[in-house]
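This document opens with one chain alone, in structure tokens, the form predicted on its own.
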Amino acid sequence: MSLEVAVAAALFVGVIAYAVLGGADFGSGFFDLTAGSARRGAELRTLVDRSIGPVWEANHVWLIYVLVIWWTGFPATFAAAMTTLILPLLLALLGIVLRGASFAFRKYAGTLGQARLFGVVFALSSILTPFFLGAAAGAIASGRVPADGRGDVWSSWLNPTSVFGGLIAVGACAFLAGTFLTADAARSGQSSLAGQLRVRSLVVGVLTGAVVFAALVPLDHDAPTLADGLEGRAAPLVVLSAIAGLATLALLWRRAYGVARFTAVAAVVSVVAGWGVGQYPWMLVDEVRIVDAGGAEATLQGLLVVVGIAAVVVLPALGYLLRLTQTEQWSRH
């Protein structure tokens, strides 16, 4: 394995971690938005606050991790993507800021009207942000980001691959969040709420799975390089995602909520990993290969050292935080 590929693999680990951990947080906005009126949705919105409150900021560490490794290790491709995809990435950034601010402000709103306003901003931002991030990923995967960064600022991310990428991102986030929230509600003794979330999660899971496999059809024409990769070396991951997704639906149906969380994570990891493997060996599809995109050798070596240190320092603390939030004592707090 070359130095460039090793750093790219470390970068993609961060993409997967953000898709799972950050995705579960973003997906909670869908259930917050569809919870109903202030009175009818109070129990669900309280569950959302309690479930994501301790971790929603911590999960953004992975986005920072990805951006830092990308611009440091592969600066030319980072500049090209940031230039061509300035619109969806700015909209995603705006969504992250509005989401965080409204999530905090809702707790201290002076009136019910203000609380509703902040709640709507939180929920819509939670849905739109992963859409724009998925659309940006689709632009790269379909070869619409040229090496010189002079791609069209509109058509680069308003195309079939990008639209499907955005929809899949939104659906995957909602499916993860629904599975996690259902398990949290059951663990805290809210059986009625768990039942409601179970039905919604099943519907979201079926629709998301349909979108994932429907996206394979236009990819042959709109993103042939990615399609070849998905039908070839990434095919086992595509199959695994289908198996894990179906297993999650079956476990939710049987009310095995605890185990369903793990299969839901496996389904999302398989989808994201399938994209990465299908895109390999391109950093910018049809434009720049990973082995040609790396920065200085000393910089890449330094990045791997930093990744190793971060794994020792950050992962145990993050794991402990996540473990605390899954305890029965926390659920009943």
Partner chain sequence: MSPVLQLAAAADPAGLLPAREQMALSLGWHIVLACFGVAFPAMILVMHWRGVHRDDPVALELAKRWSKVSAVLFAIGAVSGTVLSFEMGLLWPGLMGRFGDVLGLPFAFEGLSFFVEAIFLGIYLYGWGRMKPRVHLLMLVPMAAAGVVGTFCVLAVNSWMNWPTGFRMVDGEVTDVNPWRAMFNDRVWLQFGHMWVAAYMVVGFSVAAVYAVGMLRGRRDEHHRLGFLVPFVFASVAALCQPVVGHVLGFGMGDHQPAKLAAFELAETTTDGPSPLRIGGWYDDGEVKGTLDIPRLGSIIAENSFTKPVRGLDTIPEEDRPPVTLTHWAFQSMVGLGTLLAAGVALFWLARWRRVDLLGRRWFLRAVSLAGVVAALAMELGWIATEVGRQPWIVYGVLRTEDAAGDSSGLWWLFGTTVVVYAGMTVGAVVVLRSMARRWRAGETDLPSPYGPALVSASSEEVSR
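Computed from a predicted model, the values in this text were never measured in an experiment. Residue numbers count along the first chain shown, from 1.
Another form exists, predicted in complex with the partner chain; not displayed. Remarks below refer to it.
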| property | result |
| --- | --- |
| Proximity of T72 to the partner chain in the model of the complex, heavy atoms at 4.5 Å | yes |
| 4.5 Å heavy atom contact, P160 and the partner chain in the model of the complex | no |
| Touches the partner chain in the model of the complex: R116 (any heavy atom, 4.5 Å) | yes |
| 4.5 angstroms heavy atom contact with the partner chain in the model of the complex for Y108 | yes |
| Heavy atom distance at most 4.5 Å to the partner chain in the model of the complex, all of F31, P236 and F262 | no |
| Partner-contacting position among A256, A101, V211, A147 - heavy atom within 4.5 Å of the partner chain in the model of the complex | A101 |
| Listed residue that, although the partner chain is not shown, lies within 4.5 Å of it in the model of the complex (heavy atoms), from L94, L207, I243, L216 | L94 |
| Which of 23 to 31, 39 to 47, 263 to 271, 277 to 285 sits within 4.5 Å of the partner chain in the model of the complex, heavy atom basis | 39 to 47 |
| Residues in 60 to 81 with any heavy atom within 4.5 Å of the partner chain in the model of the complex | H60, V61, W62, L63, I64, Y65, L67, V68, W71, T72, P75, A76, F78, A79 |
